[in-house]
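Below you will find one chain, with nothing else, as structure tokens; this is the form predicted on its own, and questions on how it binds or moves follow later.
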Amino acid sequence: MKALILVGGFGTRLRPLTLSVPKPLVDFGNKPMILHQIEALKEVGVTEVVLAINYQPEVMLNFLKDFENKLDIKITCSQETEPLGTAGPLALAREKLIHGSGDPFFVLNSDVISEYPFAQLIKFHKSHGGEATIMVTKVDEPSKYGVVVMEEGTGKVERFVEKPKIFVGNKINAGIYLLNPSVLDRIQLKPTSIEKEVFPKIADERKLYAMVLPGFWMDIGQPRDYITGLRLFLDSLRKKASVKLASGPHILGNVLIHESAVIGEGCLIGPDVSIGPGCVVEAGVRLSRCTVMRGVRIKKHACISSSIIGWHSTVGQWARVENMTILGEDVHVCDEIYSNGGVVLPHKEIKSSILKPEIVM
């Protein structure tokens, strides 16, 4: 089987992290976002992953070469010269996706994190005999989204309602699809939306089905959702009784610490924290609801909450970093500095406090 991952553009919503690497390579739970998807696809027998991309394909491919060998899966790029929306890239990658077997292929949005129940999706797709299956997830506020209205028993999709004013349902498109090759015949090589142009037509012909995604789901394409997604991801590891989660008197709740990280005396870490490879957390540090990426040093008695600390950054002694502060790569926060929602571009030194949310160029 094959899979297409819609990587797309510049990842502006996750800047300043995406000024250093393309968005799918930003770390999440101590590995690049896209690797969570590729590993799950490999598990259900996918042999080739095509990345639909219009930005820095060589960076992506060079990075993923290692994983290609480790996972024994072929990873190729299909590069857009102009943005093609969410359906156009399928037409562009047509030759890569079709192979004589007639097998269906996966399409994924690269920002989506979940438990990726691909085996169940394949089983459901084969059982209903339709042309396409989309995964849907339940949300609390459906009025913010496009809602998928479906038959409860069969999963057959009846229609789509964009940002409904009155309640029609609470299931939205989760950005994970399994499509028969015939779907490609419906898509022209031009900017096209799969959600608004292709799926409604298949639904009109009664050939579109939806499966409710079990477990958690999050689009982690922006910082606040990234932090929420981390909580859900760590919670799902806890439910699986994962040996990856840290334990001990200095740990509160769900915490992921890379084995090469060094944690000092008297720290209190958690809940919902991820600490990457090669990090040094000195004595007396307090961390909660945050991601600390590879090679970061957090000095004595610093306190970090609800923030993302980019690669190889430093947070000084007694510094306080909170409220969706995002430090790009190689940012140095001096001792006793306070950051309230600062968004700091790479390679900066912060010598004075950031008292209200702002971008530091």
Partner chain sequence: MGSSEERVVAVIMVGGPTKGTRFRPLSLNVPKPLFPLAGQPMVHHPISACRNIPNLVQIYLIGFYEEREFALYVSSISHELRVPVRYLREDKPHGSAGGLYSFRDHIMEESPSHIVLLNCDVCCSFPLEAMLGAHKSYGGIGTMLVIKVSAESASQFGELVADLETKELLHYTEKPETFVSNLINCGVYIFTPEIFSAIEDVFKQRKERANLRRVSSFEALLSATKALPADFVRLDQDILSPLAGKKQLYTFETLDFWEQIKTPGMSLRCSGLYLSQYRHTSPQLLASGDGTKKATITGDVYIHPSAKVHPSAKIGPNVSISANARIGAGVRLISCIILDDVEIMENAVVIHSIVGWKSTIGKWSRVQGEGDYNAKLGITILGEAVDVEDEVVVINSVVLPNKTLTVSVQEEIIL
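Residue numbers count along the first chain shown, from 1. Just so you know, these numbers come straight off a predicted model, no measurement behind them.
The discussion below concerns the form predicted in complex with the partner chain, not included here.
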Would Ile359 sit within 4.5 Å of the partner chain in the predicted complex, counting heavy atoms only? yes
Please check if Leu345 has a heavy atom lying within 4.5 Å of any heavy atom of the partner chain in the predicted complex. yes
Answer with yes or no whether Gly341 is in contact with the partner chain in the predicted complex, where contact means some heavy atom within 4.5 Å. no
Report yes if any heavy atom of Ser353 sits within 4.5 Å of a heavy atom of the partner chain in the predicted complex; otherwise report no. no
With the partner left out here, which residues of 13-35 have a non-hydrogen atom within 4.5 Å of the partner chain in the predicted complex? Arg15, Pro16, Leu19
